[in-house]
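Here you get one chain, nothing else, as structure tokens; it is the form predicted on its own.
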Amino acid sequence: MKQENVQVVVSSRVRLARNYHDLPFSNEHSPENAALCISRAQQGLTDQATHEFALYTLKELNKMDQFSLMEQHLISRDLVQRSDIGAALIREDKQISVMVNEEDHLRIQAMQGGLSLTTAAELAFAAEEKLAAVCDFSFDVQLGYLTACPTNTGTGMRASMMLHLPMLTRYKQIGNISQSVAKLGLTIRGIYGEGSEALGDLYQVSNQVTLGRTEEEIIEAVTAVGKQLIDMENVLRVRGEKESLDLEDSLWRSYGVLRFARQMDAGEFMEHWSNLRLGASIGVLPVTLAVADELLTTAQDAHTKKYKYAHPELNSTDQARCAVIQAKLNVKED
């Protein structure tokens, strides 16, 4: 994988929407059917030879643990809202998670770092094959896979990439890009998908259309647009290097704030995090991409709240966030 791809693409994800053929599509008012879906999903994934799946029943988790899973992109906001019937089967390496009783009976998703949609798709389809062996999915010869929302009918696939585009944001190019991408049947959303903000200059690029396109065509389309955005972002990074003093000043200021601030809310963290990751990407700041990407999860609200409970000397979540950040940046307190 090219280094410039990793610098811009944080992760790739493929999600498959599937429903069992013999059950109504929504289990919202049927606890019995919801329980059956969980049982079937468990059965399909218990014979994995190399990886084990852990079952997370959301009603048995507190809100902090639910949001912690969401911050890791292992479950969705919609599943959290259906916590009375929702569950997730998560593989031990966290590359595959199967959400049960979200909008559809199953949402099978596979995640990979960098520009790796093909690998993510292979993982998702391998899990789907195991799940389908227990009970057939609802499928129409002409329409394809049938889903609760018509926009997912067809392949039922959503292929997406999370891209870090600070320079395109800095030069106010995102609006034009969103319009151009929409003409190709793709969309750009925020960090947690539909309806979320583009915090930290992070954007999800994904397909809008699932009907009338093959899985291969969807992956090719999203990958092609992703590569174009990588090229555009890198051109502006080179331009930024020519204006290096202003850019470097911004990056180092964020680095200083992250190292020495005593309290910080999530919104401010995301602003400085974007500069931290950009500085790591272009070799300006003494931080690795791996550290920056790990902080993207561990410095979010649910994770820092858990950290605070383990460290009672900390008075607030915002104070705990700074402790988490500074520990990861190897900063010792005086």
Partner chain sequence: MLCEECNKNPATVVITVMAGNETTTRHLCQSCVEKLESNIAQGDISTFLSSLLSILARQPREDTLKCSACGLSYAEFQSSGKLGCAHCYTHFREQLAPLLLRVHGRSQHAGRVPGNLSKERDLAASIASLKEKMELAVHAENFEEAAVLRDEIRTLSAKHSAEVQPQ
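Positions refer to the first chain, counted from 1. These numbers were taken from a predicted model, which means no experiment stands behind them.
In what follows, reference is made to the form predicted together with the partner chain, a form of this protein that is not presented.
Novice: How about Thr214: is it within 4.5 Å of the partner chain in the model of the complex, going by heavy atoms?
Specialist: The answer is yes: Thr214 has a heavy atom within 4.5 Å of the partner chain.
Novice: Is Gly256 close enough to the partner chain in the model of the complex to count, meaning some heavy atom within 4.5 Å?
Specialist: No, Gly256 is distant from the partner.
Novice: Is the gap between Asp140 and the partner chain in the model of the complex 4.5 Å or less for some heavy atom pair?
Specialist: Output for Asp140 is yes: heavy atoms within 4.5 Å of the partner chain.
Novice: Using a 4.5 angstroms cut-off on non-hydrogen atoms, would Thr210 count as touching the partner chain in the model of the complex?
Specialist: Yes, Thr210 lies within 4.5 Å of the partner chain in the model of the complex.
Novice: Of these, 128-136, 91-99, 67-75, 174-182, which stretch puts a heavy atom within 4.5 angstroms of the partner chain in the model of the complex?
Specialist: After filtering at 4.5 Å, what remains is 128-136.
Novice: So which of Gln204, Gln112, Thr223, Thr155 gets a non-hydrogen atom within 4.5 Å of the partner chain in the model of the complex?
Specialist: Looking at the other structure, the residue within range turns out to be Thr155.
Novice: Tell me, which of Thr187, Thr147, Ser116, Thr169 has a heavy atom within 4.5 angstroms of the partner chain in the model of the complex?
Specialist: Residue within 4.5 Å of the partner: Thr147.
Novice: Need the contact residues for 22-44: heavy atom within 4.5 Å of the partner chain in the model of the complex, sequence order, or none if there are none.
Specialist: Sequence-ordered list: Pro24, Phe25, Asn27, Glu28.
Novice: Over in the other structure, so in the model of the complex, do Glu28 and Pro24 pull closer or drift farther apart at the C-alpha level? The difference is 3 angstroms or more.
Specialist: Relative to the shown form, the pair is closer.
Novice: Closer or farther apart in the model of the complex, the C-alpha atoms of His29 and Leu23, for a change of 3 Å or more?
Specialist: Compared with the shown chain, His29-Leu23 is closer in the model of the complex.
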